[in-house]
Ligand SMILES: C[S@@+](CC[C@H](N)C(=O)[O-])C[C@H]1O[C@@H](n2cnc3c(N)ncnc32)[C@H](O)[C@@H]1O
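Before any questions on binding or motion, here is one chain by itself as C-alpha cells, the form predicted on its own.
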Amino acid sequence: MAKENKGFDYLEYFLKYKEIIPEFDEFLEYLEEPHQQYFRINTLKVNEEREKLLLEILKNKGVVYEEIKEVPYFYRVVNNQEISLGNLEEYQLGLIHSMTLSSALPVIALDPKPEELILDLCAAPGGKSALIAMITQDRAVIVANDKRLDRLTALSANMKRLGVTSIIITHYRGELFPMGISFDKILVDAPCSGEGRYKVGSEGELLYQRGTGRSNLPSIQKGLLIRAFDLLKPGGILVYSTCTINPEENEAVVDYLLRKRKTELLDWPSPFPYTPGLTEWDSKPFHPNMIKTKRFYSHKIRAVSFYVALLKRVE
C-alpha cells in the first residue's frame, strides 16, 4: 500500500459522493479500517474431501476464518492483521488464492460455462481469469489479455501456481485487440482510479492500492468497452466492472456504449447488497436502464467497492 497526499482531507475528497453513498458516515468510518483479507479454495487442485483437511491445516497454522456462504469456496480471514496469506505454503502450492470478495462479482455476473470462448480483456494479475477457469472446471477457452508485459509475468505465474490449463495469454492494448475472432463472453475489468481501494491512515493521509491518477481514464475505458462489444458474437454477453466509485468511470462509460452500439443492459442476481446504478450525475442524465447496473460499497460488503454492469449484444 502506498501513501499519497499526507494530511489530505479525505472527507472533502469523498464529500462529492455523499448523496450517492448510503450511510455515508459509516462509509467514512470503514475507510479507517485495514483492507479485509479473503481467500478462496482452488477446486482445480482441492476436491471436496480434501477441502475439509485443507481448512483444518490452515486453522492449525493460526488462520482464523469464516465461510462466505453467499459465494462458494470463499472465506474471510477473521484475524486479519495477524496473517499474511501470501506467505503460507498452501498459497504457494496453489491450494488457495487470495482475492478480495468483491472481485468475484464480475465473474458471477458473467456466469461462465464450460466450452465457451471467453475473453478477459484486462486480465493481469489473473485472479478473475483463474476464477472463471475454476467455475468452468477448466473446460472453457479463456483468452487472458493485458497490455503490460510486467503484469503478464505475474498472470502467467498465477496460472501455473493455480493449475489452470485453459488459458491463452495475449499481449495487446485492449482497445486495439485484434478483430477476427468472436467471443461468447467478455470481461472488461477496466483500469480505473481505484477509489474503491482507498483507505485512510492514522494521520489522515489517503492510502490506496494500484490506483492511477490519469485524467483520461474515461476515454480509455470507453475505448476498451467499444472494442470488447465489437469482439462479441451476436447475443454475446459483456461485463464491465471497476473498483471505483466515480460515475464518470462507471455509468458514463456504459451510457456511452449504449449510445454507440446496439446493446441491452441486463439484470443479474447479486449475492450481496448493492445500490442501483445512477440515472443522473452532475446534472447529466443517463439511460434509465442504468438502474440495472450495480454499485457495491465497501462498508456494506466489507470488501473493496465495485461497480458491475452486465450487457448483451443485440442481434
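From 1 onward, residues are counted along the sequence shown. Quick caveat, the model's predicted, so the values are computed rather than measured.
Just so it is clear, the following notes concern the form predicted together with the named molecule, a form of the same protein that is not shown.
Exactly one listed residue, out of 190, 162, 133, 101, brings a non-hydrogen atom to within 4.5 Å of the named molecule in the predicted bound form: 190. This chain lacks the partner; the member of 167, 123, 237, 228 within 4.5 angstroms of the named molecule in the predicted bound form by a non-hydrogen atom is 123. A residue is said to contact a partner when one of its heavy atoms sits within 4.5 Å of a partner heavy atom; residue 147 meets this definition for the named molecule in the predicted bound form. Contact annotation for residue 127: at least one heavy atom lies within 4.5 Å of the named molecule in the predicted bound form. Although the partner is absent from this view, residue 224 contacts the named molecule in the predicted bound form, with a non-hydrogen atom inside 4.5 angstroms. Looking at residue 175, you'd find a heavy atom of it within 4.5 angstroms of the named molecule in the predicted bound form. Annotated contact segment (heavy atom within 4.5 Å of the named molecule in the predicted bound form): 190-198, selected among 190-198, 73-81, 87-95, 111-119.
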